[in-house]
Structure formats: structure tokens, C-alpha cells
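First, one chain by itself in C-alpha cells, the form predicted on its own.
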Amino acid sequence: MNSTNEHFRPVALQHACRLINHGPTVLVTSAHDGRRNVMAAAWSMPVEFTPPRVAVVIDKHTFTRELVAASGVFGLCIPSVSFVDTTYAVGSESGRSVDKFARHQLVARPGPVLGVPLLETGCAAWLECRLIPEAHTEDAYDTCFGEVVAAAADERIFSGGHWQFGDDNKALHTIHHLGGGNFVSAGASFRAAQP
């Protein structure tokens, strides 16, 4: 399948959880029965390596949660600094009454395995996930668990299974929500000395 972003390359599933292990804000994408949505989420994390599994907090009363529960799939797109205004905007409004993709002119492509709408423009990476049903969480908790079935990242910032944050790619750095519309971007990466 051709990518809309020439710099996106598949990420080996063994490295997929590294795309969110540094705690970036994510955009959760979902679709079911002709309707779609995108929302921002500040709480996501890897929970297992093999197979790669993730957790993301999606309030059980949101339109996104409704679509994810109905379809059994979702996407996690990792927005970059250049996409912070859009990220904040889609996280500040409900998709029940408006198509946020149309309103914000978001271009999505179907994921390669599950067909989940995925964003590349404005994002550094994405993960396509199959919802893992957890009976005890469906009604009581906002946490959703997913198995990552495909992942890709912009090779200018993620290659060889690792993030490459540097001065030459600052517009691609991931963003981290601090609350109230305040964000911080990931800084330059550095390596610890071997013990």
C-alpha cells in the first residue's frame, strides 16, 4: 500500500511500543458504520512487548469510545510540534455533531491491516490497534487496551527502532500535554554511559 507521506516506513512490531514509551500526546482515530472521529489523549503507554500491546485512556462517555467499542479497532497517531494547534482543537470538541476530519481538513488513509483511519501529515508515527475486550474495564474504567497489528513512523525522526530527536528535525518532535492547552516538545536525545 502506498503511503501519503513519502517518509513513513513500516516499524517492526518488536519496536512498535517504542513509538509511545516516552509519553507523547496521541490522536486516537476511530470509525464505524460510515462515521469517524479523532480525539487527543494525553495518557497512553505500552503494556506488553510480545505481542505489542498498549493502553490508552478514552472516556467511556465519548463518541470515540462508542466507535472503538462498536468497531473493535482504533489508531494511535503521534502528532508532531507542527500539528499542536490541530491536536488541541480536535481534543477540545466533540465529534458527535461534527466530522472533525472535514472541519480540520485532516487527510486520513486506511490502515494496512484493519482499515482504521490513520494520519501521517502532521504526525511522526502511527499504530494500528485491535481492541482487547476487557469485561471489567468496559463499564467501570476509561482505559482501553489494544494489540498493535501494524505501525509506521517518519524515518526522519524514528529509524532503526529508535527515536532520533535532534536540532535538524524539531518540527517533527513529539508533543506532550501539560494541561490547559500547554504543551512541551521532546528534547534532543542522548545516550547513557554503559554500566
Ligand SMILES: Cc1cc2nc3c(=O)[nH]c(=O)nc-3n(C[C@H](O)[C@H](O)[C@H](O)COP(=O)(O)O)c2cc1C
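The first residue of the shown sequence is 1; numbering continues from there. Bear in mind that the values here come from a model prediction, so they are computed numbers and not experimental data.
Below, we turn to the form predicted in complex with the ligand, even though it does not appear here.
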Val73 near the ligand in the predicted bound form, any heavy atom under 4.5 Å?
-> no
Give a yes/no on whether Gly95 approaches the ligand to within 4.5 Å in the predicted bound form, heavy atoms considered.
-> yes
Is there any non-hydrogen atom of Ala55 lying within 4.5 Å of the ligand in the predicted bound form?
-> no
His177, heavy atom within 4.5 angstroms of the ligand in the predicted bound form = yes
Name the stretch: of 166-174, 146-154, 31-39, 122-130, exactly one has residues whose heavy atoms fall within 4.5 Å of the ligand in the predicted bound form.
-> 31-39
In this chain shown alone, the residue from Val81, Ala108, Leu114, Val90 with a heavy atom within 4.5 Å of the ligand in the predicted bound form is Val90
Contact set, 56-86 vs the ligand in the predicted bound form - heavy atom within 4.5 angstroms | Val57, Ile58, Asp59, Thr62, Phe63, Thr64
